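As a starting point, one isolated chain is supplied in structure tokens, in the form predicted on its own.
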């Protein structure tokens, strides 16, 4: 940390400043051209099935430049999306036979090798999730959504030093603490980048607890929020229906490009999330059905199947796994408490008009925690509709988790 500089947090900015001026200008022009292609595709002037994905890809890739380790097959500046050079390296040619050996003939080995170990399956899941998200809920209530989402990262932040106390390295501790973000794909990527030796147990712990948390969160909410406060009636927020799909697309595209520029190390996941959002709002029925159906469900199926198969006794009985189990539970619980604290902050800001149960939805697994929040409130007051507010916090939680993932990796890689 001796050579720490603020620009190291936002590697895209640092990379742009170190490029030749002609290259930097060219990238900016291509970003603007990408915006134009999306606009013309949305208007129907150009073919939307081609122009919208191509435009967002063009805008994103030109701000996602980052620095690579000189020992890597990449040299200097590059990105985590694709290596465009056609020529293969000598090392790549030499290791081709090794790659075929690694694949073996076991039926799930290629799926693990080509989708888990490089984060591809997380990207597919995020595409599907993005296609389900309505960012209108965030646009309608940006302040409360962001505040709750930030509070709900409490477990992600505070579990790190505790994990270090248990003897884990800083990188391992950061990967473990990412479980508190309650975002499975982000946990996969963080552990893969920072602690590949713990990738399998961390991924298993994360998804086990994501499933268990929704059964435990209602008890946490009832323990921390009295019934008369849980019963606060909230009407659906006004104005959500008036937010046009064009405005949602514009905000999603700008958010995608800005976040990828600041945090290129998380750019693949950020791009996939907002790609799904843009496709949803563009109304391209063929792509929407593809992402919400085959892409999301097939990825989720193989994700669950492969994680289950990885749960062999050798992995689960490793001495390092028990602390992981405890720290994962602690991180998720602390994030739930943090989200509720954020809900209470809004309750006091609004002088008792905001239902703090919404805070639990800041724990970002979409849309499960939002449904948990509405279900809890409905039992105490069937006339209180908090779902739109909860979805706003939920969607923002995904974004804040992506940001923290990028910051962790930038600081610790």
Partner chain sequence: MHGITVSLVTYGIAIVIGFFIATLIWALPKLINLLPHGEDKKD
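Source: prediction; values computed, not measured. Numbering follows the first chain given and starts at 1.
Omitted from view is the form predicted in complex with the partner chain, to which the following refers.
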Just give me the single entry in 258, 325, 208, 288 that has a non-hydrogen atom within 4.5 angstroms of the partner chain in the predicted complex. 258
Tell me, out of 109, 300, 170, 117, which residue has a non-hydrogen atom within 4.5 angstroms of the partner chain in the predicted complex. 170
If contact means any heavy atom within 4.5 Å, which of 136-144, 109-117, 181-189, 122-130 contacts the partner chain in the predicted complex? 136-144
Answer with yes or no whether residue 216 is in contact with the partner chain in the predicted complex, where contact means some heavy atom within 4.5 Å. no
Would you classify residue 198 as touching the partner chain in the predicted complex, given a 4.5 Å non-hydrogen atom cut-off? no
Find out whether any non-hydrogen atom of residue 77 is located within 4.5 angstroms of the partner chain in the predicted complex, and reply yes or no. no
Is residue 231 part of the interface with the partner chain in the predicted complex - any heavy atom within 4.5 Å? no
Full three-residue contact with the partner chain in the predicted complex, heavy atom 4.5 Å, for 31, 36 and 278: no
Given a 4.5 Å distance limit between heavy atoms, list every residue of 118-136 close to the partner chain in the predicted complex, or none if there are none. none
